[in-house]
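Next comes just one chain, in structure tokens: the form predicted on its own.
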Amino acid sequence: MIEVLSVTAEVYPLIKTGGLADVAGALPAALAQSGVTMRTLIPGYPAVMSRMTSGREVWSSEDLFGVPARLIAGRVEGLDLIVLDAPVLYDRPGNPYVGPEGWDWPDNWKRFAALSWVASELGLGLVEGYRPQIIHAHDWQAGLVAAYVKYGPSATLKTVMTVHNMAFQGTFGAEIFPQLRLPQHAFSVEGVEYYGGVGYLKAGVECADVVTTVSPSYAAEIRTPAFGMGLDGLLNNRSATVHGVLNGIDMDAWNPATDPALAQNYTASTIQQRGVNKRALQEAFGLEASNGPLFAVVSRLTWQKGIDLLAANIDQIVQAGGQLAVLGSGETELENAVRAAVMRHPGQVGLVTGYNEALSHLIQGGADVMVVPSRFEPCGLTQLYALRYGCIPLVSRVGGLNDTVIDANVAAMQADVATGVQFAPPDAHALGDAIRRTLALYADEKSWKKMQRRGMKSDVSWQASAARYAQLYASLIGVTTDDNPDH
């Protein structure tokens, strides 16, 4: 059995702002089948502490970066958790990263340095009876873990750094360095220094034994200037240690046959019953009853997600007899662009702002088309949920979208392998063409149903990917397995 400590700023179902939480929540159970025991270290936000009522204190200090803190161990929702309870750092309402005004908390550098430092100390035996062989750090919030290990006393502890989105890097001014509990020589290009400041993600990519990201295509893309966000040179230097391991989804939480959020459960063989969910979805978004194609978006409304490309094509969707339901929030300009479309097309376009887990399930179970027009997408989970629910994904040909959706071109349709529609390049014109192709496919009911069933039979589980992670872990500590991870 391989012992791994996962370090993450969020984990579903306790605290979630995006796909990172879903991955961190699903991976431990998936890895258990591959001989890996994974515990998860997470900050003690209010939403987390309220669920840790039966946990036990396993460590305490009056001076964790100047504040009192303790570790609480417990099991919640099937997850073995170690919670860093430091109220001065984490006992704050709402979003874990930003304050009520929408600005990053000014002490985020300290909040996540503390998390990373505690993780590295756990790897050295901070808690009696527990000593992981590997620490698996997720995104910039855990980026300093690998630096603390590299510049610490342990030569045997191994680190894995997973980049879920290269755009979020955790960069801070050089003035914080003296407070990070790192030796002076760590402030170098081979350590945490990044353009004169401190880069948390950069530190993780530089110092970890293995770097993974969440799809093979994204692993290649981030080694180019267009997608590397300034770290492409470093990633190319470390290319032998960079692996793309595709995300999976929790097949129990996302199961149309049993999902309690649906108005009507169904399977691939009873797919015609999806119509009940479509009507429920139309009602939820204030849309008229219609048999035309219902397009949907479940996303942060941002430039990265290509929402402006969609906004430029909403009129075309409605003019062709389609409808659009949008769930999400983000950049004010893009929210307003969708709101303007709602005003132009009452009863045909609907918008619900914010995050709503149950509604996102109903959308997958009721919409005909899930639009994911991202300019870049490390993996994407929305299209995986869509495949599972028989909702046809319409996606840009980037990152994990490219790796998980088979485009309905002529050859793929003839070979009976198509599962969705892809478009490139990520611009409004190409998306418009893809929408027209999708409308034509929808008009052929027999072919559409076949494509839906094909998607529902796609393997979007964690099984293969968990086996790849297990092989990477095993190779780090000198254990051999039969699996061979993709580069």
Ligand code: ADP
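Residues carry their position along the shown sequence, with the first being 1. Quick caveat, the model's predicted, so the values are computed rather than measured.
Keep in mind that the form predicted together with this ligand is not shown, yet the notes after this line are about it.
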property	result
Contacting member of 408, 210, 298, 149, with respect to this ligand in the predicted complex [4.5 Å, heavy atom]	298
In the predicted complex, the residue from 356, 154, 265, 237 that sits within 4.5 Å of this ligand by heavy atoms	356
Proximity to this ligand in the predicted complex (heavy atom, within 4.5 Å), stretch among 192-200, 127-135, 299-307, 272-280	299-307
Non-hydrogen atom within 4.5 Å of this ligand in the predicted complex for each of 16, 19 and 382	yes
Any non-hydrogen atom of residue 314 within 4.5 angstroms of this ligand in the predicted complex	no
Close approach of residue 217 to this ligand in the predicted complex, 4.5 Å, heavy atom	no
Non-hydrogen atom contact residue 327 with this ligand in the predicted complex at 4.5 angstroms	yes
Contact flag, residue 108 vs this ligand in the predicted complex, heavy atom cut 4.5 Å	no
